[in-house]
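First comes one chain, alone, set out as structure tokens in the form predicted alone.
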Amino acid sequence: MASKLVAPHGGKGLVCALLEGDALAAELEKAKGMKQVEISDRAKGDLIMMGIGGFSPLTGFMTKADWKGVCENFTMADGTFWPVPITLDVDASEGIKAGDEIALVKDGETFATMSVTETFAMSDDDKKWECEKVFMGEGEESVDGNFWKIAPEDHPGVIMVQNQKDTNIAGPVKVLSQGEYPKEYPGVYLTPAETRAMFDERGWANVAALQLRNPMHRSHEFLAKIAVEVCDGVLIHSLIGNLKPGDIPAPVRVKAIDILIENYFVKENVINSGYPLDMRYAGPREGLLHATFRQNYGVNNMLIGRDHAGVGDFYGLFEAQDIFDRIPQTGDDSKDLLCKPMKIDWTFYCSECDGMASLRTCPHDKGSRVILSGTKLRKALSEGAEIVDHFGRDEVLDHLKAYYATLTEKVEVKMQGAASGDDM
């Protein structure tokens, strides 16, 4: 029976650059004779996603024309929608030029080979322009639209771009490793082909995804259950890539989700999985990226909360929802984003309602509401402070407290997310 799931992004099916078997062995041997180029954690995650088809239809790192089109118009040079640049930076002193074949390595492991088709310089002005386009909010609360008046040195996404090296290189890749993820997260780290097979086996056609990088609290649980009510099932999809200091490690967060599913969900309607990317902290644009690669996993509905992938108070509370209304639509399914947002209002526990609610359903004043935030939860746990009633399920909180009890030093948690901003 043909799958009823949404097609992968880009109209070419799942585009997977990962080699296997004899082809993998031959390319690994060939890579030994290539120039070795050390890559960042971010590039490692990008390569793995290209390998498994998570970044379909990308076959490699973006050209200058792609980079410019994505930053300026949300589209690559061929008109295909893409919201955030996927680029690879190197030092000009490496001497890499078009026509070179290089090996991309991280901590002694060869993750890919690359056929370089183009190199282009990235000046400080180029990096500034990229930051303005990718990280700028456009809502009413975006400081009058002047990006550089709001201390961008505190914006982690800006810091990453400004710290990039002075040259970008483009070209197709052959991916040779999925890193530690298959071994460290068996049954949780799933490729797009695997999630699609699971959805098909369960008869799902209408699937929602919940993005997480924090432990799942009551607000997340509420969002997932809203989606369960209107979709065939929900993919709870956690970031298991590189984190910033103070974040709770992925194995601890994954176990917390398992506890919730075991006790508070109909298991047949939810899947707990993880993906191997680093956060880019791109706010609304990152919400679009989350929807784009979730389409490749077989998801056609992306849960978008009030400050999805937000940073501090940088973005307006619903900019990550509003941006979906501003992206280009060509009418060509092979080029447009087909994964749509499920726009959920501000959610909280209300003592007067005696349950979870949102601004659309709760008429009571703020004093009755428990605002839920992964950042606040981490801070309370790290300081041994009392956790507000109805913040999370007791079983989950006991699990998290046990983790913090194992730490030999007090974890410093920077209050970097406005309520749910760094939860999703």
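Residue numbers here begin at 1 and follow the sequence given. Owing to the predicted nature of the structure, the values given are computational and were not obtained by experimental measurement.
Here the subject shifts to the form predicted in complex with another copy of the chain, a form of this protein not shown in this document.
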property: is_contact(residue 362, another copy of the chain) in the model of the complex, heavy atom dist at most 4.5 Å; result: yes
property: Another copy of the chain contact at residue 233 in the model of the complex, heavy atom, 4.5 Å; result: yes
property: Residue contact check: residue 75 to another copy of the chain in the model of the complex, 4.5 Å heavy atom; result: no
property: Proximity of residue 121 to another copy of the chain in the model of the complex, heavy atoms at 4.5 Å; result: no
property: Listed residue (222, 185, 318, 324) with a non-hydrogen atom within 4.5 angstroms of another copy of the chain in the model of the complex; result: 222
property: Answer option from 101, 154, 180, 352, heavy atom within 4.5 Å of another copy of the chain in the model of the complex; result: 352
property: Proximity to another copy of the chain in the model of the complex (heavy atom, within 4.5 Å), stretch among 258-266, 124-132, 192-200, 167-175; result: 258-266
